[in-house]
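Shown next as structure tokens: one chain only, the form predicted on its own.
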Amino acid sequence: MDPRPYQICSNCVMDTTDSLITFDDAGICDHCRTFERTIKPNWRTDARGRAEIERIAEGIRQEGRGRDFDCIIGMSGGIDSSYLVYLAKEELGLRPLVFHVDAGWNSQEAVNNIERIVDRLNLDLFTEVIDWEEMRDLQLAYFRAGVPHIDTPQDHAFFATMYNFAEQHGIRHILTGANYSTECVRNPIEWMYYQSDSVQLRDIHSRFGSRPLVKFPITSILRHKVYLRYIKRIQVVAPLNHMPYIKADAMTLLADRFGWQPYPQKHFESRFTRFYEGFWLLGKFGYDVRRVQFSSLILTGQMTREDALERLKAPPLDAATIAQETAFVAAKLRITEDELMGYFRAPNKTYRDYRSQESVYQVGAWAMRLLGLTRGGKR
């Protein structure tokens, strides 16, 4: 627990549930100061940004000549990836392969959204299905480990599979829906530790898993940040950072044009993430990811602080939905609800209780900030 008195930022809604947060004399937090100092001055969404993404898109089109597709886009069915698929095809003239990883937790809304957009844009969809028995075993290991970041197995599978596919098929460009507009404030590392840390993933699984990971895709920070990027020359492009991206406008466009279905909260396209972010993370650890999401929207002018504070008064999920989702997750994992809630009541642990590559991430983040390759980010 943070020994300091409770404090909330006077500008956004981040507070001392982030134990590393700091405030200046005006009560403004370091998340806001980082945005104003390092992100906002270098974030081009005007004609300069458009010209830059058009230049990048032209290079992708040139390299993709003679191929069935010129890039891949990982699509979850959420707002960012859905809008990116539309943008890539309709505005940038690209020929993306839509890539989806089924880790066993898709909501029906996500399935519908993916199918509608892919069909109406006449795109090809490739779906990689993760071996459920191994996924289940790894997710149970994370529950038993007592850490906050129990969504790591799902996230790790997503990007490991996509990078593997890109390498195997000689694809040079991966388009991502990551963006400053809705994600300029990142989750504190103690809330959501680095999902690509294979050292920690293997350590937690070796302690609490019950079967070997044979088919589960495993990557590492050095593999996808160094080897694949600089040796295989696989580039990750974030088009949404080069043009205006307003979440409400994007949702309206997708709904009107494709019948896209919205979700109550960001990332709720996954049933597991809905349970994890809507109940588990807040109820067990006191971490409300809406503070991060709302603060990003406040800083980019898409939400008022007053509206955010009002919405934070109510829990992300009501009691009936929590009961429904708890029963669903327990049944899916083939454990009793009593066992699942036993993990909930068990002592809390952190990523520091297990082996990790945190030092590698810290050095890498320092180097990337020094070179201007990334701005902001996890602490």
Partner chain sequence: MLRPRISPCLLVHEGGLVKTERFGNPKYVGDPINAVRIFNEKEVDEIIVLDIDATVRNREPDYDLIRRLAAECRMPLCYGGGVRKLEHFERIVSLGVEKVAVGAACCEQPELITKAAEVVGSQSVVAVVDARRPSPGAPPTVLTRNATVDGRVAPADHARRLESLGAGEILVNSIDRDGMRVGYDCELVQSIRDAVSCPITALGGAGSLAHLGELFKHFGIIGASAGSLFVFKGVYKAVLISYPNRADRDRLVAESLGPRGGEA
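Positions refer to the first chain, counted from 1. Note that the structure is a prediction, hence the values are computed from the model and not measured.
The next section is about a form of this same protein that is not shown, the form predicted together with the partner chain.
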>> Considering non-hydrogen atoms and a 4.5 Å limit, which listed residue (F126, Y227, Y86, F208) is close to the partner chain in the predicted complex?
In response: F126
>> If the cut-off is 4.5 angstroms on heavy atoms, which of these, N112, Q302, T176, N164, is the one near the partner chain in the predicted complex?
In response: N112
> Might R290 be said to contact the partner chain in the predicted complex, defining contact as any heavy atom within 4.5 Å?
Replying inline: no
> Does the partner chain come within 4.5 Å of any heavy atom of A51 in the predicted complex?
Replying inline: no
>> When the contact criterion is heavy atoms within 4.5 Å, does N106 count as touching the partner chain in the predicted complex?
In response: yes
>> Taking the partner chain as it sits in the predicted complex, is R271 near enough to touch it, meaning that at least one heavy atom pair lies within 4.5 angstroms?
In response: yes
> Among 330 to 338, 310 to 318, 52 to 60, 24 to 32, which stretch has residues whose heavy atoms lie within 4.5 Å of the partner chain in the predicted complex?
Replying inline: 330 to 338
> From first to last in sequence, which residues of 64 to 83 have any non-hydrogen atom within 4.5 angstroms of the partner chain in the predicted complex?
Replying inline: D68, F69
